[in-house]
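Read the single chain below, which is given as structure tokens and is the form predicted alone.
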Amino acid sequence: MLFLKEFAKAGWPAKIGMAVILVYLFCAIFAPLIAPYAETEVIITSPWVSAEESGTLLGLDQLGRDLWTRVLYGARNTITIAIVITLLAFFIGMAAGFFAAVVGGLTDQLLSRIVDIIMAFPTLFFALIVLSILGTSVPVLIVVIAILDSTRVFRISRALAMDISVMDYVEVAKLRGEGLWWIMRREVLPNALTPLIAEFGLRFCFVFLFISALSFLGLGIQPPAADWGSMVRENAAAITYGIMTPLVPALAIAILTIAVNLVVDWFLRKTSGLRDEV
């Protein structure tokens, strides 16, 4: 309720961003009910039939499937997997970062060097190699991207926890004999929560775009499952004939990314004490 009261005072960019996010989530959750056809159902065995000729909202894709249906299921698949990956990445990264900062010493150095080694490789290049070896099933995709993204979460979590762990109230908790898990959960996490929530939104955007990029390259969510990145790749040839079909999933990716960033920007301004200009 407090969040809703504060958000009611937000400027119009944040409200528009939140409205867009809610629409996307609604479409992702209720895609089977909203979609007029099944995810892989072929309507006409002709590629890129226009909306007028096919009697559909957005026309047909390269295999004669309803593009609107594919977009809805693409939201369901892409957004769900991106949320799961981001949550897993934050669980791994926050736990490791807090643990390294509070314990310190050799443990901190060991975890930090492991993270440095992983981050030394370009993320996309590293993911392509690992996915080429292990396969492109959804569980493998989730684990690989979550581990790669957790390195970024580890760095910010460790930096925040190092600043918090030297505070008097943390020292008092240690003197009381509180355990490591209690200190991380009751002292470090609440005081690091605000920047981590903002980081969660930014990391979600990165993961969302990263999944789409992998799918565009053929190593993300595999056909026949709908995914916006693979939809752009599969329909890319339509541009040659002046057909705008691949721009529909590309636009869906761009709009969601902008919407999330608008809400994150408002949240950062709110927590930093700055006032909205509009």
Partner chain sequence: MGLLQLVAKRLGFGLLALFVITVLISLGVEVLPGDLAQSILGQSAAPDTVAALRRELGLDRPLHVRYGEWLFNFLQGDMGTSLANKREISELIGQRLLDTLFLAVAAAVVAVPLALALGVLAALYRETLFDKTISMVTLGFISLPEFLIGYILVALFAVQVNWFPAISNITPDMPFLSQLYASALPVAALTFVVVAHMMRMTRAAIVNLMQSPFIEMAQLKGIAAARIIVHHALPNALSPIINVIVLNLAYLVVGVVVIEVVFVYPGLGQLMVDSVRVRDLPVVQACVLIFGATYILLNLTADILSIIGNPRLRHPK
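Numbering follows the first chain given and starts at 1. Only a predicted model underlies this, so the values are computations on that prediction, with no experimental measurement involved.
One more form of this protein, predicted in complex with the partner chain, exists but is not displayed; see below.
Peer 1: Quick one: from 128, 111, 156, 88, grab the residue that has a heavy atom within 4.5 Å of the partner chain in the predicted bound form.
Peer 2: Selected residue: 128.
Peer 1: Please determine, with the chain shown alone, which of 53-61, 205-213, 66-74, 24-32 has non-hydrogen atoms within 4.5 Å of the partner chain in the predicted bound form.
Peer 2: After filtering at 4.5 Å, what remains is 205-213.
Peer 1: Spell out, yes or no, whether the shortest heavy atom distance between residue 142 and the partner chain in the predicted bound form is within 4.5 Å.
Peer 2: Result no; residue 142 lies far from the partner chain in the predicted bound form.
Peer 1: Just to confirm, residue 124 within 4.5 Å of the partner chain in the predicted bound form by heavy atoms?
Peer 2: Close contact exists here: in the predicted bound form, residue 124 approaches the partner chain to within 4.5 Å, heavy atoms only.
Peer 1: Mark residue 38 yes when one of its heavy atoms lies within 4.5 Å of a heavy atom of the partner chain in the predicted bound form, and no otherwise.
Peer 2: Looking in the predicted bound form, residue contacts with the partner chain do not include residue 38, since no heavy atom lies within 4.5 Å.
Peer 1: Indicate whether residue 221 is a 4.5 Å heavy atom neighbour of the partner chain in the predicted bound form.
Peer 2: Residue-level check for residue 221: no, no contact with the partner chain.
Peer 1: Judged by heavy atom distances of 4.5 Å or less, which residues of 220-243 approach the partner chain in the predicted bound form?
Peer 2: Heavy-atom contacts within 4.5 Å come from 229, 232, 233, 236, 239, 240, 242.
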